[in-house]
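As structure tokens, one chain now follows by itself in the form predicted alone.
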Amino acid sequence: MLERLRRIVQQVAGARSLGQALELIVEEVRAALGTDVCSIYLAERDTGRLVLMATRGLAPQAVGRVALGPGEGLVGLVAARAEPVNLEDAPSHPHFKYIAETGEAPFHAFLGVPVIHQRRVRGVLVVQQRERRRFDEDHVTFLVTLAAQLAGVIAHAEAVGGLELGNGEGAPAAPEPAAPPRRRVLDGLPGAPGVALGTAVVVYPPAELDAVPDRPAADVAAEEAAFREAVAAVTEEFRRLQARLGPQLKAEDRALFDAYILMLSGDSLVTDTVARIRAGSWAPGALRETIEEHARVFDAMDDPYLRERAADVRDLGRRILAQLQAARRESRDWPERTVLVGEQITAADLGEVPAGRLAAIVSAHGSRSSHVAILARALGIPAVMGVAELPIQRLEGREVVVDGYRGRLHVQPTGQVREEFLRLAREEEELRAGLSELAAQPSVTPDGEHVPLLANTGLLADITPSLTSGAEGIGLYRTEIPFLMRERFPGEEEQRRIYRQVLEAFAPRPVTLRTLDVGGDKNLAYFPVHEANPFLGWRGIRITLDHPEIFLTQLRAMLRASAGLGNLQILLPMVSGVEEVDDAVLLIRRAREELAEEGEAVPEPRVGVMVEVPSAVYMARRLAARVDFLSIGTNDLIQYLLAVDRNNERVAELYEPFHPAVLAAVQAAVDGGHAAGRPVSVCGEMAGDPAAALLLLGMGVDSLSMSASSLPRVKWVVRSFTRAEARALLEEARALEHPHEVRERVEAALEARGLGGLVRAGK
């Protein structure tokens, strides 16, 4: 059973179109189970109708023409129940609906299982038999297991199908059944607010064939020449390896090199790729298709040894691709409004786009709290994260609309959709212009209480926007950004220059530099940390305390940068107990003493602790007693409190800032800090959400730090509610049990105060 499942899923995953995928499913399932009929129905997104999309055993002319409404017939019953239906005599069941054009009259036994993806029934997989019988348990479990594995594959094929212009160069034409109108809207998660119209540019990691996008060849002859040169380079590489290692290897191991060289010199791999290039594909895309086609042949073989050769074929492909990429040193042609699209976009990817050309970000993985989404908000550009069905290979060069409010990507929008989003962009600009007038106004509540609003940043390019936004300082400077953008640890003097620019720009206003916070979703290429569970592993203060040579270099750079200014604040991340604070404070003191011995007198900085681990909430009073201030990092705190990986799009909906437990934890941290006589700020993303900021105001938070783009909206809230009003609203919210109820209550308060524009901007 497992072998059959594996083979079917592999074949379907390699299909070039939705129609081909569905045809493979019905053909292979009928053969595997030995049934008379196998059919698959897909649910229309808007209407819920179940359309017959492929069949073996029913009338072919019914495909694309027969449709059942929600709950209609046995197929509708399976979808409505979202569970299998196994019947000995289908026509005798009260839900049975006879449809003459399918030709299903002779069939009695019926087994239907739902195809469910992300809690939504995507379709129904059905097998039927002439004889009266209940399908046995093996048939049921096989079909249920297969449907579960195919759900994501079908969803992805649907997304790709909506963008297909054809079956691709060199691919055989697949029978494409009549289908409902294809969707060009892909759903993800809101990452950063805003809307943007632009051109998709796909970013993909080196030597990763699956990530290579489709792209037409600008110069067919040049592409073919580049491919042949890459093949020759890989062949020569194997010859050198064979000559160097040959004497140490057994005969059968030496034969492996011969096999590789033979494959590279043979007609099939090279000829097929060249044919695809001559048909109009660029070399990496043509190589990707050829390698996958050849690998699938081995995948389908019964002999385990031969099946393993698929890995050899893919390895060859990666080596050739690496050579192709190494040879392409020309700079990329970045469109005026570039929308970066990728499986997992990094800070380094953002840094490659020329200034002023980055319009938006779309990522197949991650959520609102992913590091790149936070950077997008800092840059003031929209982002859509966690687009699980993102057909990356089909998006290069296409016009797209990124809706960061709803978390949607519109591909090649129609004229009407395009105009609507251009209108929304204009309205957003008008709102932004109106809010910008608040920059010079003080952040003071109507009852006269000053609530400082500071900026979160990590890019030198953010300094000017932060200053013009009216920020009263930097509440969080992410020092890891320069580390992430380089291929080595930055030296002390290099770091000092960066920190000095920030400290000088805001002097005498406070600047809070967070010490190096890597690990989790922020890995350094030159200092990799491989862990099964990185978010609960070696990260933040744990790394820097284990590597005092790195920590002391950074501390010295920070202290030297503050000379003559006196506005430096140092923030320690990922603290879980007092021991870490004591050790870090000793190192800060040591760095200052070292500099004094070297003749550099630097002012003593204020030191703070980030509260982002549940243990720190309960230790807040004791931690605060050891330092000068607390800063609550709600991004990680929510993740750890709710046991939700904030980068995992499957559970991203559970990541909820308005969860009652989150509100209770933040309040406890505030109370703990105040009990020790220390101020408490919030530097997590809750601070930049107008609705959440209103609740934080009610909790007694002393200051809020956020991206510069969020600052005017939050200032509007601060200037519109007294502390007493915010506290009363908080008490109402704390009495509610469901996060959506809390949000609705707070947003209703904003609407009632005439701040509905802030509510709509967050949706």
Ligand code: PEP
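Start at 1 with the first residue shown and count on from there. Because the structure is a prediction, the values reported are computed rather than measured.
What comes next is about the form predicted in complex with the named molecule, which does not appear here.
Using a 4.5 Å cutoff between non-hydrogen atoms, residue 517 counts as a contact of the named molecule in the model of the complex. When contacts are judged by a 4.5 Å heavy atom cut-off, residue 476 counts as touching the named molecule in the model of the complex. Taking non-hydrogen atoms only, residue 612 approaches the named molecule to within 4.5 angstroms in the model of the complex. In the model of the complex, at least one heavy atom of residue 646 sits within 4.5 Å of a heavy atom of the named molecule. Only one of 635, 469, 567, 667 lies close to the named molecule in the model of the complex, with a heavy atom inside 4.5 Å, and it is 635. For the options 623, 683, 360, 692, the one in contact with the named molecule in the model of the complex, meaning a heavy atom within 4.5 Å, is 683. For the named molecule in the model of the complex, the listed stretch (111 to 119, 76 to 84, 476 to 484, 314 to 322) containing residues with heavy atoms inside 4.5 Å is 476 to 484. Scanning 352 to 377 for heavy atoms within 4.5 Å of the named molecule in the model of the complex gives 371, 374 in sequence order.
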